[in-house]
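Next up: a single chain in structure tokens, the form predicted alone.
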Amino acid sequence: MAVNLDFPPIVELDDSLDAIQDFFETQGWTDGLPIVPPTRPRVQEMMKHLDYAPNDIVARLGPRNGEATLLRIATNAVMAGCRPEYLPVVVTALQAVAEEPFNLNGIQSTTHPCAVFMLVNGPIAHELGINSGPNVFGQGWRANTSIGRAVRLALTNIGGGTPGDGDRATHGTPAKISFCAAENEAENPWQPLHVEHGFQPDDNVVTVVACEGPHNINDHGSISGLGILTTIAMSMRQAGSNNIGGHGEPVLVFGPEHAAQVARDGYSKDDVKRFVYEHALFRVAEWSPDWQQSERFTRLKEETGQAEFSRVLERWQDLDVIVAGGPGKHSAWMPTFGGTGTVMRRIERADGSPVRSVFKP
């Protein structure tokens, strides 16, 4: 496509990388790491993979209600180190977080340490080299790191989620720098997440979840699906989780070895969800006396109608189950912010194919 060159004025700086880094840092435009200078040619090249004009507003990002134009998103993507072909994933993720069920205003300004987790499904994950295997949430993969980082930079620079100002997180999390992965569809014994929710297997889909970083679930001892599921359910009954009381849609990430054992023993994905719903319980008697007398606990009892225990899930359908990672008898779960919903959105291609969003009912 021919790119409209309606750019803002160029900022003149000394021709040195140090001067550029210092300027962007003093403006509060970085995440604390060095950036790739967003020169006009780099930004122009970045925009070629989407059929928008530079000043087209493709999303509005809270809490500032910032206008996320293609130009602004591309600028942040360059700064994050993205390749141009990554931009459709970045744009789709930002459109997804801007959907009302996601509650971006709350997520951007909460004291809770939630980050935006982006899961990519479909052929595009392989095409772009988005890691779904060993060290899936760790370092070493440009696509994972730069796509996640581009979304976070946009949420800061466009949405106004500036640490200590718009972003009021008490501690935060390293996942706020970058949190992007692909599902390991090749080793998933069940349907991948996007197919489970009505997309076609060859659809390219981004799922966004406001959650904490992965909490490891180590089970090298169980040799049955029941044993693994019991360990998982016990691990998810966490007193300090925002999900206690059935708020939100937490994520359960099976390592391929755990998933294979559970599936071999006849458990479907829905069976897994029902098991967690029934067994991830927190006994009220285990809470501190102060907590049991608090206004929040009283409200929780009224909402759930329970005086004996609280569930992590309000409904079994609220659990997102995916498979990711490499060899090893580990799984993980990610508690969520609670006051937010999972959003899935098909990645738009350059030919203008229609985009479909899914909100979990």
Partner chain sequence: MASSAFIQLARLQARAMGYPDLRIVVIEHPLGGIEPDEVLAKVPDAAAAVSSLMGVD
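Numbering follows the first chain given and starts at 1. All of these numbers come straight from a predicted model, not from anything done at the bench.
Not on display, but discussed next: the form predicted together with its partner chain.
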Worksheet item: Using a 4.5 Å heavy atom cut-off, which stretch among 62 to 70, 35 to 43, 312 to 320, 329 to 337 contacts its partner chain in the model of the complex?
Response: 62 to 70
Practice prompt. With heavy atoms only and a cut-off of 4.5 Å, decide whether residue 164 touches its partner chain in the model of the complex.
Written response: yes
Worksheet item: Is residue 168 one of the residues lying within 4.5 Å of its partner chain in the model of the complex, judged by heavy atom distances?
Response: yes
Worksheet item: Is residue 222 close to its partner chain in the model of the complex, meaning a heavy atom pair under 4.5 Å apart or at it?
Response: no
Worksheet item: Taking 4.5 angstroms as the cut-off for heavy atoms, does residue 200 touch its partner chain in the model of the complex?
Response: no
Practice prompt. Could you work out which of 160, 189, 133, 172 is the residue within 4.5 angstroms of its partner chain in the model of the complex, going by heavy atoms?
Written response: 160
Worksheet item: Among 288, 230, 216, 111, which has any heavy atom within 4.5 Å of its partner chain in the model of the complex?
Response: 111
